[in-house]
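In structure tokens, one chain follows: the form predicted alone.
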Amino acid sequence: MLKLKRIAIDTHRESIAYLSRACPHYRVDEFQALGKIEVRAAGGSCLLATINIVDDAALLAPDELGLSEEAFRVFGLLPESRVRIAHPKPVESLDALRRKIEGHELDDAEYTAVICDIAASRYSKMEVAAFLVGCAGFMTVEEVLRLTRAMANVGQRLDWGDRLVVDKHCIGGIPGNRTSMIVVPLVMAHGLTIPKTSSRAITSPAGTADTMEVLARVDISTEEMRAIVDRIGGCLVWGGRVNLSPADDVMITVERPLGIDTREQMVASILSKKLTAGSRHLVLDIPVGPSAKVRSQNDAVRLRKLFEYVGGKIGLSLDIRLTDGSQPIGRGIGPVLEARDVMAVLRNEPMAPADLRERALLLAGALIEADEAVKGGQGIHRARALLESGAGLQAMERIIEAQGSNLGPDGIIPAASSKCHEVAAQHSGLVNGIDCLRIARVARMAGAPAFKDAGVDLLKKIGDPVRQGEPLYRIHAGLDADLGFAAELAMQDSGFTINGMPGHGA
């Protein structure tokens, strides 16, 4: 048997095992050719991992098996535990994967088999990518439903009893759109149950979980999440820890960097997680704009119909809102800057971003109307009253306290990085376009979300007049090198259009 050693390498949701080439117990070349091994513990637990061979004895002794951080988290054994390794069993669902690549329609059993194997880490990232590309090439509406059900049936499913559980989701793509962090406390303050799970950023400057983490702990187990919701009526936590749709978490890490984001996969991803979270009523925000995920009204209507069909089949009530996605929401892009905007809205500060406040009130009002006691059209008025009275802020403070505050004394939000650079307009005129993708890329280049105090602070929005040399936005960077990279990117193209002409930064 081999002795486990923890190798402090973050392999990001991929289980990696490390075996010494000098191992006296196994023929290393035999396992290396396979790419995967099974790691078996004395108690019967088993882990499937990708094998890497180590030649440095200082890193790994011949009688040791190294596991990456992710593998240790999944396996749950302590360092120095004794394990054996073995050849993995054949992955039978690969036959279904090949059929999908060839353009065939898969049935319920085939989707279930594929999703079970993805969730169990039996697929390499290359095989996951092949499945995603196969689905992107051809997928019927019924297949979207089958995929959604398969993803929901693998992993935990929360049951909240007879309570009316509501949720809100945005399909993403718009920087600064942190409405969830305002909607959740307002809906809680009204008295509805809203256990909100959110994602971390993969290719964007911040996910809701990244921004919420500025205020409170989000890495919370399912049991703790349930206790918090039972006590205060809601939460804002990281969905990756709750493990509601584990196959989706794996697929997202592959599809986002590859730019694979079809409407079929989007629908299955979002609705499977809402179903497993125990939601019964969902308000869905679909921003539409020239640099949003959905570029035209026709595409938005087709996506809405697909959501409505699948949602209806799985018993989820949907209220879908097509919103303005022509520019970033709020001023801040990046965790600290977005948290500043959210708290400014909840605190009713005079300079709080009006677009963020009004978008959040619209969506909160739609959710509040799930309450049969609230008349149609009155939800937004109820949401506004809860915000202006301070009830929304008090609910957010309860969430922060329940999850564990990350704020400093007196609830002070950390400041943005002092390493900054202002991007100025090259000519005077009226701002009539902002490229969401470009601005998000600049913020990401500046270090967000790895550095929570990095990002972009918008100083101008569409419709604002600007003079030549006046700053359009301010870049805050985590490192001096990041500041240089982001400033150079903004110099090539600021992402702003002024009087119909692209604005190059200065």
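Just so we're on the same page, rigid core means the largest C-alpha set that superposes within 1.5 Å between forms. Don't overthink the numbering: it's just position in the shown sequence, from 1. All of these numbers come straight from a predicted model, not from anything done at the bench.
Form predicted together with another copy of the chain: not shown, discussed below.
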query: How about Glu127: is it within 4.5 Å of another copy of the chain in the model of the complex, going by heavy atoms?
result: yes
task: Consider Leu258 of the chain shown here, and say whether it contacts another copy of the chain in the model of the complex, taking contact as heavy atoms within 4.5 Å.
output: yes
query: Is there a heavy atom of Thr497 no more than 4.5 Å from a heavy atom of another copy of the chain in the model of the complex?
result: no
query: With the partner left out of view, is Pro195 within 4.5 angstroms of another copy of the chain in the model of the complex by any non-hydrogen atom?
result: no
- request: Name the stretch: of 386-394, 185-193, 133-141, 306-314, exactly one has residues whose heavy atoms fall within 4.5 Å of another copy of the chain in the model of the complex.
  value: 133-141
Contact assignment for another copy of the chain in the model of the complex, among Cys46, Leu459, Ala450, Leu437, heavy atom within 4.5 Å: Ala450
query: From first to last in sequence, which residues of 39-72 have any non-hydrogen atom within 4.5 angstroms of another copy of the chain in the model of the complex?
result: Asn52, Ile53, Val54, Asp55, Asp56, Leu59, Glu69
message: Given a core-based superposition, decide whether the C-alpha of Leu59 shifts by 2 Å or more between the shown form and the other one.
response: yes
task: Compare the position of the CA of Ala86 between the shown form and the other one after a rigid core fit and state whether the shift reaches 2 Å.
output: yes
